[in-house]
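In structure tokens, one chain follows: the form predicted on its own.
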């Protein structure tokens, strides 16, 4: 349903997307990448809002840049929070319905606002809405033309946990109904709840693609770096080395920075070892599990 072939997008000397190729079918596919990775630029090309510098982009076999019919089969919820703040939600979504030529825009707007759990009779302007409510207004506008391909750019940002769960359930229903749902996110754990198909983009390049669980296995195959803050770092470091749950260690200023290939083993051992030695643990946290580190690792493996 979506085909991207050797696509590069440059803005002057800045390359936002570099030689990216993938295909996507029905169901949910998550596009995972840190901010600035090129996700939004890629989505703009899929919607026909920008043309590639090189390569081809096809949605339902056609070029959305030149084919107005296929543009009417795409729904976009952009990352940018740009709403007409003086309008109420129904008025805003009615405008989207009208631009798509949807019959009875008012009824269509009411229907999709109900789907995203907003009251279509609420007279309050969208300018007074919370971030999460504004996100759902954008989603309603993206759904109002009953699109075949739905492109959602960071749609879960600003939602509370209950709203997030309900929107993920909605995305899954749409995907199960045969729609192609592309959802971008920069939150790794969020993607785990969206589905198993993942595209990872980093520094404008496709770093990995495939099943989410296989991707996590690939990520977890690397040594992990962990920082431990304690009142006796040298004693603790020596004991952990003796237990063979860490591969290397650096001690400085009350902290232990260590490498381990056995995260589970380390997790089971750290508290008992500290208790046995009588040392106090003030903090234990990974220092390389942020997305930038994960993507850098994936890119370096290519």
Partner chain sequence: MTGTVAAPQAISVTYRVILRQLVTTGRVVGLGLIGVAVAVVGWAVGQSIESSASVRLENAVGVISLVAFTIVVPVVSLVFAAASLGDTREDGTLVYLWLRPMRRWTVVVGAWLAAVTVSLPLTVIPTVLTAMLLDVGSDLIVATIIASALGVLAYSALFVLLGLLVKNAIVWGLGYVIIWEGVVAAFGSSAAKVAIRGYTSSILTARTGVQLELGDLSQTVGIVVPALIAVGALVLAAVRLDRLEVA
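As the structure is a prediction and not an experimental result, all values here were calculated from the model. Residue numbers count along the first chain shown, from 1.
As for the form predicted in complex with its partner chain, it is not shown, yet the points below apply to it.
Every member of the trio 44, 91 and 101 reaches its partner chain in the predicted bound form with some non-hydrogen atom inside 4.5 Å. Per the 4.5 Å heavy atom criterion, its partner chain in the predicted bound form is contacted by stretch 81-89, the sole one of 203-211, 81-89, 112-120, 160-168. Among residues of the shown chain, residue 34 is not one whose heavy atoms approach its partner chain to within 4.5 Å in the predicted bound form. Residue 138 belongs to the set of residues with a heavy atom inside 4.5 Å of its partner chain in the predicted bound form. Contact between residue 72 and its partner chain in the predicted bound form is found at the 4.5 Å heavy atom cutoff. Residue contact with its partner chain in the predicted bound form: residue 235 places no heavy atom within 4.5 Å of it. This chain lacks the partner; the member of 174, 96, 191, 182 within 4.5 angstroms of its partner chain in the predicted bound form by a non-hydrogen atom is 96. Contact with its partner chain in the predicted bound form, defined as a heavy atom within 4.5 Å, holds for exactly one of 241, 277, 49, 271, namely 49.
Contacts with its partner chain in the predicted bound form, taken as any heavy atom within 4.5 Å, map to no residue of 169-186.
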